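The data below hold one chain only, encoded as structure tokens and taken in the form predicted on its own.
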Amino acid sequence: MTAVDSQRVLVTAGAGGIGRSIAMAFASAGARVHACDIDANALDELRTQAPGITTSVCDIADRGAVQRMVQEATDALGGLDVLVNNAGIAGPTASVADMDPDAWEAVLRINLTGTFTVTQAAIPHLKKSAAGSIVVMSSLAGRFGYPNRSPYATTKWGLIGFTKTLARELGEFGIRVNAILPGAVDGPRLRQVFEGRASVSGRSMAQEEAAALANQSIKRFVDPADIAALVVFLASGAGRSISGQMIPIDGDSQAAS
């Protein structure tokens, strides 16, 4: 069984939101953590709150920056046991007919290609670990069609295929790969999504929130701390037999709307 307090962990987009919760959860459990993010100020705040966490400024859409960041992370940590692919963007809210092609490509470049680039750079280091683990952040949008969110949904479905493929390729090296599929996660980003939906639908923010919760058995949005706890569990020895799985954490959502 692998103890979390002996792990070396890299979290992408680790300075805010879900990523920050994940980085803090691992650090609180005694793991050594490196967080990268495009927001330098947020990284400064993270280091102030958790001085033991090392950081890098990185745009994962930039292949050269990713390669430098992964080297910085493994140098700081002395290797790598856990990669949490959390970085991604929500993208535009528009129908396929009205979608800006450049906006479409921007989402694919970060959510899909960026995740690929980070993972490819990390694999040689993970192969040296006694118990490597990769967690990929997909979404409720990786299970259902998502009206007016085609780039986001497409990338989140793509990450499912990426996870399944990685699990098959890396299993022989003892590296486990799983995807987490959060539903509506409470926080500023969710409010932005509802604002975007409201601008398209003509409904109010309150109506959009009520519509989202109507699809769930549990009538509350997901706490980022719950997602962080799931990531820590999957990366720990308790999850040593779990790989190639898509794990929803969404209050039992029946659709994405």
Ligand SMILES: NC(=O)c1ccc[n+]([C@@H]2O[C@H](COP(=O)([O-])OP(=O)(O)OC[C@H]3O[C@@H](n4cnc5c(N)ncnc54)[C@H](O)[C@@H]3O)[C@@H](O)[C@H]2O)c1
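Note that residue numbering follows the sequence shown and begins at 1. All values reported here derive from a predicted model rather than from experimental measurement.
As for the form predicted in complex with the named molecule, it is not shown, yet the points below apply to it.
- Contact annotation for the candidate site: 13, 59 and 88 all lie close to the named molecule in the model of the complex (heavy atom within 4.5 Å).
- At least one heavy atom of residue 189 is located within 4.5 Å of the named molecule in the model of the complex.
- At a distance threshold of 4.5 angstroms between non-hydrogen atoms, residue 38 is in contact with the named molecule in the model of the complex.
- At the 4.5 Å threshold, heavy atoms of residue 184 reach the named molecule in the model of the complex.
- Under a 4.5 angstroms non-hydrogen atom cutoff, the named molecule in the model of the complex has residue 152 among its neighbouring residues.
- With the named molecule left out of view, the stretch that reaches within 4.5 Å of it through heavy atoms in the model of the complex is, among 162 to 170, 121 to 129, 94 to 102, 175 to 183, 175 to 183.
- For the options 248, 237, 17, 244, the one in contact with the named molecule in the model of the complex, meaning a heavy atom within 4.5 Å, is 17.
- Residues of 123 to 144 that come within 4.5 Å of the named molecule in the model of the complex, judged by any heavy atom, are 137, 138, 139 in sequence order.
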